[in-house]
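The chain below stands alone and is given in structure tokens; this is the form predicted alone.
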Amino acid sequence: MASSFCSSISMQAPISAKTTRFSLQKPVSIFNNRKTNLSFSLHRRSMPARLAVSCAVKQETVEKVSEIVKKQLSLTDDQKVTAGTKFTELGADSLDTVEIVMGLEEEFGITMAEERAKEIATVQQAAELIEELVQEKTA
């Protein structure tokens, strides 16, 4: 069974006050010859450097997930929900999370296995799983 995962790596080291930014996006093989986009960025500041690694998902998917989360949790329009937002930070309990998953399944026409659905804690994780399941469905 093919699967993909995303992780974050943080590295800190003393550097000069010079600011340098770069970003690299390159398709890479992840299990079973599937392709995904990984993005790497290093932000230098007068403070320690930080390297962030994240899987690139469509912004449209993140926005749809955010809207569904806001609807399921009855959040107001002024409450910000971003890719890194944890459901628990919004006050969601396990029942709320089940309702969020049901809303996502309905919106995207997918079915999430219970084991995989339990692993979702953030909007980003939900968007990544959705895109993976949609890709599998259309393959």
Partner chain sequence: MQRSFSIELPSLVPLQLPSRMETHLWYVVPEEVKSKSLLKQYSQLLSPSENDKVLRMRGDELQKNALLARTLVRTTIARYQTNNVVDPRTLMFKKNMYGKPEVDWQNYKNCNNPPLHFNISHTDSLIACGVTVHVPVGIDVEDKERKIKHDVLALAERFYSTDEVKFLSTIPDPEVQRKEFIKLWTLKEAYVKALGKGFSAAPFNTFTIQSKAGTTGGYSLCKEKTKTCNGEWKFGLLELADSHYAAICIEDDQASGGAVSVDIAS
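Numbering follows the first chain given and starts at 1. The model shown is predicted, which means the values in this text are computed figures rather than measured ones.
Unshown form predicted together with its partner chain; subsequent notes refer to it.
Flag this candidate site as yes only if 71, 89 and 112 all have a heavy atom within 4.5 Å of its partner chain in the predicted complex; otherwise mark no. Yes: each residue has a heavy atom within 4.5 Å of the partner.
Considering non-hydrogen atoms and a 4.5 Å limit, does its partner chain approach residue 67 in the predicted complex? No.
Would you check, heavy atoms only and a 4.5 Å threshold, whether residue 61 touches its partner chain in the predicted complex? No, residue 61 is distant from the partner.
Using a 4.5 Å heavy atom cut-off, state whether residue 93 contacts its partner chain in the predicted complex. Flag for residue 93 set to yes.
Report yes if any heavy atom of residue 56 sits within 4.5 Å of a heavy atom of its partner chain in the predicted complex; otherwise report no. Although its partner chain is absent here, residue 56 would stay clear of it in the predicted complex, with no heavy atoms inside 4.5 Å.
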